[in-house]
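For reference, the chain that follows is the form predicted on its own, supplied as structure tokens.
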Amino acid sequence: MTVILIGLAAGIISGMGIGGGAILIPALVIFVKPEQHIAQSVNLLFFIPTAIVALVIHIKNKNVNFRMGIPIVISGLVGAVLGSKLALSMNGTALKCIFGVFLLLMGLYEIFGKGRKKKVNNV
């Protein structure tokens, strides 16, 4: 039941385009307790079907900019190869720390970066 609830929450976040991995990986590590590499690989498996469903819905609503997206997809594929090789070369503890720092920095950016941006736009 825990895994199903984690999948449901991550799916909702993923469908919104926020990135289900931000929920899925920490939730798996905290509640199911797999190795960090396993949690991250489950996240990758989770991403494929949920991204396809979300992408189809966003395409139907004409919210996808293919001109912007295709170069990002191509460079993202190269980055995925490099990133997965880098992740496999690390131990689980280091990978968990890097992921935690990444989430912390993104959270701080969202909290403090948004307000600054609004002030610039209002000037």
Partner chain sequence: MAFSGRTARYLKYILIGIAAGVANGLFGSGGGTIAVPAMVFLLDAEEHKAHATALLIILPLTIVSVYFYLTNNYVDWNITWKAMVGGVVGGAIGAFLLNKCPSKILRKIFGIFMILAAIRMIF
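Only the largest set of C-alpha atoms that superpose within 1.5 Å between the two forms is called the rigid core. Positions refer to the first chain, counted from 1. For clarity, every value in this text was computed on a predicted model and none was experimentally measured.
The same protein also has a form predicted together with its partner chain, omitted here; what follows describes it.
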{"item": "Interface membership of R67, its partner chain in the predicted complex, 4.5 Å heavy atom rule", "value": "yes"}
{"item": "Heavy atom of K60 within 4.5 Å of its partner chain in the predicted complex", "value": "no"}
{"item": "Heavy atom contacts to its partner chain in the predicted complex at 4.5 Å, residues of 39-65 in sequence order", "value": "Q40, S41, V42, N43, L44, L45, F46, F47, I48, P49, A51, I52, A54, L55, H58, K62, N63, V64, N65"}
{"item": "Large Cα move at V101 between this form and the one not shown, threshold 2 Å, rigid core", "value": "no"}
